[in-house]
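Only one chain is given next, in structure tokens, and it is the form predicted alone.
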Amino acid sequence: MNKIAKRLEKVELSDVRKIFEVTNKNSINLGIGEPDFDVPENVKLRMIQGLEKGFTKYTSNKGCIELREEISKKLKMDNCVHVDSQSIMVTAGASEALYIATQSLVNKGDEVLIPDPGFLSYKACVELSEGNPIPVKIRFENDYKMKYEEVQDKLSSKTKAIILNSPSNPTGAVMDKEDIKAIADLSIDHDFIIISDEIYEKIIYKGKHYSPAQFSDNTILINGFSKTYAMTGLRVGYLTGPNYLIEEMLKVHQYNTACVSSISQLGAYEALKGPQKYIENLVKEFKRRKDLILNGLDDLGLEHTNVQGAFYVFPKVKNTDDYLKKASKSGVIMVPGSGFGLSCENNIRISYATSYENIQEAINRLKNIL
């Protein structure tokens, strides 16, 4: 008897995680999407104070009411999205929010449109819910921005949802307002749900972030604190949407996680309440690194798009396996594009979430070897 659930057969472990496990300590890792910044000092202090005061018990399943109220204010101010605290659920990072959304919405055989290239968890989460991920090809010549026409072509009677991600992992693309509005209109006309992953919303160098939740109530908005405030290990994210959906999603969250760490929630509350200069400095430094790595890729003769957000670039190479093997021998670790979609065999994903000095050294090593 096969003791493993059949639904796991299609799901593979992430190439990014594999690289995380085997990286040599002397290598420069351009594969992991984790900011190398420290958590803001005011956040650290508030969490220490919370520990000293014994704020270590269970919270509400949906999360601390004070944090949810601050998230509600943030959504109204930043995204023109008006939701009350009852329609917000605090999750163990944006990853749990994505899992909750797909488990709650998708029935066996339902189709969910996903970006190609797109973050590798999208396909896996759809498959774990026994749905069918339908790739929407995102073209290099469009700077890897998802276009309304490509989405419309993929719609069918089985379409249950679409996953959007802007700014994008792995491409750094920022979708245009016109396409987001048009896809939001489609969600109303064809009655499907938009799952909008907005974890990189603050890390934009050119253009502006727009949430489809601004244009359609058929939207589950996902965000968190990992990237903007470098709180990756603290695992705080959130999702929001129509209250009738949130109440059903709570069933998945309640029996999976119960509630997010109380101390982490306190840190997230302070992150929103405290000064936001930290984000300005973080984005300024990421832009400096982006400019360095794009110039380096030009020197290496690698074709790339005009990166507008997040901290990734997704250049093309002639032979991915050969390129990555040579890079690895030189002590530079990157991720193959194949894990991010069907159309990405000749791409590599580079993260510039490491230091400026590391990026400079990595480029020099690649120039010497390649």
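The structure presented is a predicted model; accordingly, all values stated were derived computationally and were not measured. A residue's number is simply how far along the shown sequence it sits, counting from 1.
Separately, the form predicted in complex with a small molecule exists; it is not shown, and the next lines address it.
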| item | value |
| --- | --- |
| Among the candidates Gly93, Gly241, Pro133, Gly267, the residue which, in the predicted complex, approaches the small molecule to within 4.5 Å (heavy atoms) | Gly93 |
| Single option in Pro40, Gly33, Pro336, Pro315 placed near the small molecule in the predicted complex, where near means a heavy atom within 4.5 Å | Gly33 |
| 4.5 Å heavy atom contact with the small molecule in the predicted complex for all of Asn79, His209 and Tyr229 | no |
| Non-hydrogen atom contact Arg235 with the small molecule in the predicted complex at 4.5 angstroms | yes |
| Distance check, Ile199 to the small molecule in the predicted complex, heavy atom within 4.5 Å | yes |
| Heavy atom of Tyr122 within 4.5 Å of the small molecule in the predicted complex | yes |
| The small molecule contact in the predicted complex: Asn169, any heavy atom under 4.5 Å | yes |
| Stretch from 272 to 280, 94 to 102, 80 to 88, 142 to 150 whose residues place a heavy atom within 4.5 Å of the small molecule in the predicted complex | 94 to 102 |
